[in-house]
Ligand SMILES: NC(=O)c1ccc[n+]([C@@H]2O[C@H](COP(=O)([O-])OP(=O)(O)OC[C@H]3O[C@@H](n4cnc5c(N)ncnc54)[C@H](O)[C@@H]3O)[C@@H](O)[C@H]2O)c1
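Have a look below at one chain only, the form predicted alone, in structure tokens format.
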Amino acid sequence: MVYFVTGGAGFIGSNFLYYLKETHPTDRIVCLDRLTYAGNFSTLLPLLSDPLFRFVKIDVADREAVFSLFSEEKPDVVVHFAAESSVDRSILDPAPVLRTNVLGTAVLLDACRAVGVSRFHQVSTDEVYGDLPLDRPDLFFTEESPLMPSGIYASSKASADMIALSYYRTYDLPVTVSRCSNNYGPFQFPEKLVPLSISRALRKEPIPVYGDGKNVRDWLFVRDHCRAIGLILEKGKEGKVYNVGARNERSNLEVVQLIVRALRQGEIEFAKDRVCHDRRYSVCPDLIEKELGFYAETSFEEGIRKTVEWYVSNQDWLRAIEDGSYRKVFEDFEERRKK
């Protein structure tokens, strides 16, 4: 089997690459990534010596380059993580988000049709559903809930989901979609709440929390998410959407407070709320539990402990992002390879 993993130098994508290598050690894996600011090539260095692993720097919206690579490698399975995922950046400049998340998905789907893949899996987000009121903890998003995204990023992901599912209906392309809750864990770029809070606390700098900090998310440990995707690829039904949640709802303030306690240092600083800041996300994972037997195994307390320990043990990884030196790792690698 040949697996294509787009966005594999990013947070969830890189974790999935390591999961895939563990669970499918004899299969070929090709990582596609444009190495934008959130793509960290150094995360992949342990994989590069494996003859069954290949990294390709590529823009998924570049039709000619994508078709050429698909024709060369002829993938069996494509797992599509590649996305511009920063909500704040999408507000400042929507164009790159729409190009990668919408056009890039369409290009990949056309390439999948051309080579005849056995599965295209679209990795999406619970943000496509919009938000829920804080005073109704009994309400959850199901796979049948209408899509009502609030912001540019969420709208781009909803568009990509619909395009992928339309290729299943129109062309009988074997497509599945998963919509996950908030992920956390190793290798997450430090603009996101959990790694940002850890890095700020380690530097003894104030930890910013938007608004009143009461915005609620369901927190999913990234390893559990990878396992869910593996089950969908193995047993998921074509043309279906699966919500992936952990039933670990916490407010942003609770998350930061838990990190501060784990590190025994750090001060919280409330910041002006951002535009389109949804109050609560919560997906119902009943379908994936009943059909595929997936249950999140990691409690939030355990997951945060593991995450904090990883960042404390890998502060060089954090510092390389903070000083920008991580951007040179791929360039140095290419120079050595060409000699």
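So that there is no doubt, residue numbering starts at 1 and follows the sequence shown. Computed from a predicted model, the values in this text were never measured in an experiment.
Keep in mind that the form predicted in complex with this ligand is missing from the display, and what follows is about it.
**Q** Which of these stretches, 247-255, 203-211, 113-121, 75-83, has heavy atoms within 4.5 Å of this ligand in the predicted complex?
**A** Comparing against this ligand in the predicted complex, the contact stretch is 75-83.
**Q** Any chance S199, T307 and Q315 all have a heavy atom within 4.5 Å of this ligand in the predicted complex?
**A** Answer is no for this spot.
**Q** Given that this ligand is not shown alongside this chain, does T36 nevertheless sit within 4.5 Å of it in the predicted complex, heavy atom to heavy atom?
**A** Result yes; T36 sits at the interface with this ligand in the predicted complex.
**Q** With heavy atoms only and a cut-off of 4.5 Å, decide whether Y326 touches this ligand in the predicted complex.
**A** No, Y326 stays farther than 4.5 Å from this ligand in the predicted complex.
**Q** Please tell me whether any heavy atom belonging to S181 falls inside 4.5 Å of a heavy atom of this ligand, as the geometry stands in the predicted complex.
**A** Contact with this ligand, yes.
**Q** Answer yes if any heavy atom of E291 is within 4.5 Å of a heavy atom of this ligand in the predicted complex; otherwise answer no.
**A** It does not: once this ligand is placed as it appears in the predicted complex, E291 has no heavy atom within 4.5 Å of it.
**Q** Which of these residues, S155, T176, T125, N215, gets a heavy atom within 4.5 Å of this ligand in the predicted complex?
**A** Looking at S155, T176, T125, N215 one by one, just T125 meets the 4.5 Å heavy-atom criterion.
**Q** Exactly one of I58, L52, L47, L69 has a non-hydrogen atom within 4.5 Å of this ligand in the predicted complex; which residue is it?
**A** Selected residue: I58.
**Q** Can you name the residues of 185-200 that have a non-hydrogen atom within 4.5 angstroms of this ligand in the predicted complex?
**A** If the 4.5 Å heavy-atom criterion is applied to this ligand in the predicted complex, 185-200 yields Q188, K192.
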